[in-house]
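Next up is one chain by itself, shown in C-alpha cells, the form predicted on its own.
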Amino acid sequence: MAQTRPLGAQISHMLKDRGVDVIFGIPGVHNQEMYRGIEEAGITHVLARHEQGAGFMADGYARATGKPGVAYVITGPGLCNIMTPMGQAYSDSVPMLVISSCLDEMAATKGQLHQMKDQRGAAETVCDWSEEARTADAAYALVDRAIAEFKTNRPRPKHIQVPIQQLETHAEETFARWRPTDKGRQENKFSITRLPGAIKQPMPLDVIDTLAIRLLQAERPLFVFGGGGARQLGASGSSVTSILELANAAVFTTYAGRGVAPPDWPLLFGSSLARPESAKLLDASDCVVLVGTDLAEVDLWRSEAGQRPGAYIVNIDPEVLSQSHPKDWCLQYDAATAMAHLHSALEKHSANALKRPKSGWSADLVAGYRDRWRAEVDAERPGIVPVCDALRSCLPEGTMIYSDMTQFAYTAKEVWDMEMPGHWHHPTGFGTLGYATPAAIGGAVARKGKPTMAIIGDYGFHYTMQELGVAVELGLPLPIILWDNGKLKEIEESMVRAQIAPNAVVARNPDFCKLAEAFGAYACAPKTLAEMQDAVRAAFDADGPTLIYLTPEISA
C-alpha cells in the first residue's frame, strides 16, 4: 500500500528516489512542509544565508556533477532572490530545479504575507518554464518532466510552485519508483538516445561520413568547441584528440569549452575567439565544425564569428540550429555521440588512401598568434598574466575553478588552458556578480575530497560574502582567491574609452582578512607570488575555507 504523507514530504522522497542527494535552500513558514521529509528521505540540506546564495550553490553543484541542482525557497521574496541565479543557469545551460511554495488564493485576498501579483509568471522570465502544481499528481508529473528534460534537452532551470495548503495536505505516494536493474544501476526511463535530425535541409544518413571526407580533404580544417561540447564530452576527450590527429585540424574553444582539446595540441588556438584576428582564421578555414556552442556575443564580443557558409553545426538545441546559414549542415546530436561517430568515420576513410592536401596550418603559425594574443591580454590588463601563471602552476591535478566577474578571471580565461573539460565555471551569459563564492561551495559539496577553488573580485565578494559562513559551517577546504584592485576597474576603463568621466566606480572596502576571520575562516595576504603559492597549497589541506587576499602589487 502506498504510504501517505504531507505532499511537502512526499516531494523530498520523490527527489531522493530520482537521485537527488543534496538540496540547497532556506526554510520559512510558507515552505516548512517541504522540510518535513528531507532528513527522513536521507537528503542533505545546505542552509544558505540568502536565496541568491542557495541558487548559486545549486548551480555550482549541478556544474560539478551534471545532476540537477535543487533549491527550496519560500513564496514571494525567496523566489525573487533566487531569480538571478535562475537567469544565470538559463544563460549557461545549467540543470537547476527550484521548488517554491505559493499562496493558495490571490484574487480575492490582499495584504497576505509574501504576496506577489504573479509569482509564477515572474519566475518564467528567467527559466525554461514555471508551473504551479495544484494536486499531488501534478507535482509528481512536473518533477519527472523536469528530470526528463534535463536529460534529453538543453539543460536549463525549471520552477515548480505548490500552494501552501497543498503542501500540508496528506497525499499518497503515487509516483513510480525507479527499480535497480541486474547491473545494480537505477532503471531510468529518461535515458533516451537522440537521433540525428535536420532543421533546415534533408539530412542524409551518411552526413558524418561526408564530414569525415571533407575534413580529410581540407587544407585548413577547424573545430570550435563550446560549453555544451565540454559538458557532453566529459571524460571522452581521448576521442577528440584522435579526431584532431586524424584530421590534422586546428581548434578554437569558447571560454566554457576549454579542456576539450588537450593543451599540448600544437594547433590549439585556445579560447581567443574574442580576438579580432580569429574572424580571419575562421574565414580562412575550408571546413569549420562547431560543436556545442552558440557562438554568442559573450563568446565573440562581435556580431559575426567569421566562418564561411557551409559549416557543420553539432548542437542539441534546435533554436541554435535554426539560426544558422541556409548552406550550413545542422546536426541535432549531442557532442559525445557525434564525436564517436566522426572518429569511426575518420578512421575508416583515412585508411582509404585519400590524397591529403598540404596542410595550411602549422604549429609555428598557431604559436605566433597565441604569443601575440597573450601579449595583447597582458597589455590590456597589466600584471595579471604572471599571477595567473603562478596560480596555475601550484594547483593540484583536477582542480575545479569557479570564477566571478573580475578582471583576474577575464584575463585567465584567455591565457589559461585547461587539462580537462568542465573544470572552469564562470557566469558567462547573464554575467552576475557574486557568483563564485557560493557556486564554489556547491561544487565543493559535490566534490568531497577533490580540490575546488573560487576566484572573485573585491566588489563581487560584497554580493555574497555572507555565504562564507556556509563554507565554515561545512568545513570545506576551499581556497577563495580575492582580487582587490580597489574599484570597479573594468567599468572605469570602459567609461574612459567612452569618454565618460569615471564616477561611482570606487567603494569603501572592509579589511577582507579580518572579515573572513570573523566568519571563522582562515585568511592571509601574501606579498609575493611564492607566498601566494604556499598559501594556496595550504588552503587545500585546511579544515575550512581560506580567503587569500591579493592586490595588483603582488606581481610588481
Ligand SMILES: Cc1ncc(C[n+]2csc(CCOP(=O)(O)OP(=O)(O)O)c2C)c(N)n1
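When you see a residue number, it is the position in the sequence shown, counting from 1. All values derive from a computational prediction rather than experimental measurement.
Keep in mind that the form predicted in complex with this ligand is missing from the display, and what follows is about it.
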Exercise. Do Thr406 and this ligand come within 4.5 Å of each other in the predicted complex, heavy atoms counted?
Worked result: yes
Exercise. Contact between Ala279 and this ligand in the predicted complex at 4.5 Å, heavy atoms?
Worked result: no
For this session: Look up in the predicted complex whether Asp458 has a non-hydrogen atom within 4.5 angstroms of this ligand, and give yes or no.
Result: yes
For this session: Considering only heavy atoms, tell me if Gln232 and this ligand come within 4.5 Å of each other in the predicted complex.
Result: no
Seminar exercise, completed: Partner contact check in the predicted complex: of 295-303, 477-485, 265-273, 370-378, the stretch with a heavy atom within 4.5 Å of this ligand is 477-485
For this session: Just give me the single entry in Gln119, Ser285, Thr432, Gln332 that has a non-hydrogen atom within 4.5 angstroms of this ligand in the predicted complex.
Result: Thr432
Problem set entry | in the predicted complex, the residue from Leu529, Ala41, Cys513, Ile491 that sits within 4.5 Å of this ligand by heavy atoms | Ile491
Seminar exercise, completed: Restricting to 365-387, the residues within 4.5 Å of this ligand in the predicted complex through any heavy atom are none
